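Next up: a single chain in structure tokens, the form predicted on its own.
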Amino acid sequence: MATTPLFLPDVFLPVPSHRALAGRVEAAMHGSVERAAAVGAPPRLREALSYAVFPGGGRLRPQLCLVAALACGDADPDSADGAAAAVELLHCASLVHDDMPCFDDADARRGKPAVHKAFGEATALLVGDALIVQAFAEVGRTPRAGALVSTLAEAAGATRGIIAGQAWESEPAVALDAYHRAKTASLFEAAAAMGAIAAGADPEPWRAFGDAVGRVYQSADDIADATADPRALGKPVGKDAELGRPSIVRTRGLDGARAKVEAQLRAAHDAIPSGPGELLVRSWIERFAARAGL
């Protein structure tokens, strides 16, 4: 792995380049999809599984998972890779389901037709299901399966996880903070915590950091939904207003939303766990903020 040396007092910590980190994520993703779509699976389902995962978007969640693992010493790279792949598989599943006619009815995702448009609704439903199953299979293969499965399940669940986030969209009212927490921050929180768990470190400080990063991401996404060019974004925009969804822009106005996301970004910086990997994490969050247009 290509690295740039980072010197800290009494510590030498190799910091992966962005390309190296992205390459590690993609290698983990290809391995997990090969296991999900092994020979013997229905051919159309195999094709659709790969279509749903590749090419990926920013891969921010699995990158966060690996950054946390690296910052904690990366004592078990195989477990960290499995955790990173699991987080991204769960995220991809949520996108497949989110795009379906019963939810957003979106035609495009990541600059190409949504899975339900390319393969039909029945196959899209099964693709999402298969990706969820494979996410748990990936962490189930690791030595720290118990803690990783529990963390992933909470991030996926109906109380504080992405299922709750999707379900809140069918309720007559929801607090914006609770919606953002469930819909997006839950999986970022899990990503950071799972990276620490995979490295044998205390996940609690990383939960707070991941939650803070997820809130930044969702607020920035709300702003993009109100202002971005759909061709540049790779998906439809204006869905929050069209479907009456909770949005920081609808709550605070555009200027207020931008001020809020700047405050959230500062909070994310403040939440970075202290330790030998702190500068590594700061480097990653700067790239994260640049990608989000912050």
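Note that residue numbering follows the sequence shown and begins at 1. Keep in mind the model is a prediction, meaning the values are calculated, not measured.
Below, we turn to the form predicted in complex with a further copy of the same chain, even though it does not appear here.
Of the residues given (37, 60, 268, 48), 37 alone sits with a heavy atom within 4.5 Å of a further copy of the same chain in the model of the complex. This chain is drawn without a further copy of the same chain; in the model of the complex, the residue among 176, 125, 224, 118 with a heavy atom within 4.5 Å of it is 125.
Candidate site formed by 248, 285 and 289: none of these residues places a non-hydrogen atom within 4.5 angstroms of a further copy of the same chain in the model of the complex. Residue contact with a further copy of the same chain in the model of the complex: residue 129 places a heavy atom within 4.5 Å of it. Taking the partner from elsewhere, residue 78 is found to have every heavy atom lying beyond 4.5 Å of a further copy of the same chain in the model of the complex.
Residue contact check for residue 254: none of its heavy atoms lie within 4.5 Å of a further copy of the same chain in the model of the complex. a further copy of the same chain in the model of the complex comes within 4.5 Å of a heavy atom belonging to residue 44. Look at 188 to 196, 157 to 165, 212 to 220, 69 to 77: in the model of the complex, residues with non-hydrogen atoms within 4.5 angstroms of a further copy of the same chain sit in 157 to 165. For the partner-free chain shown, 97, 100, 102, 103 of 84 to 112 come within 4.5 angstroms of a further copy of the same chain in the model of the complex, judged by any non-hydrogen atom.
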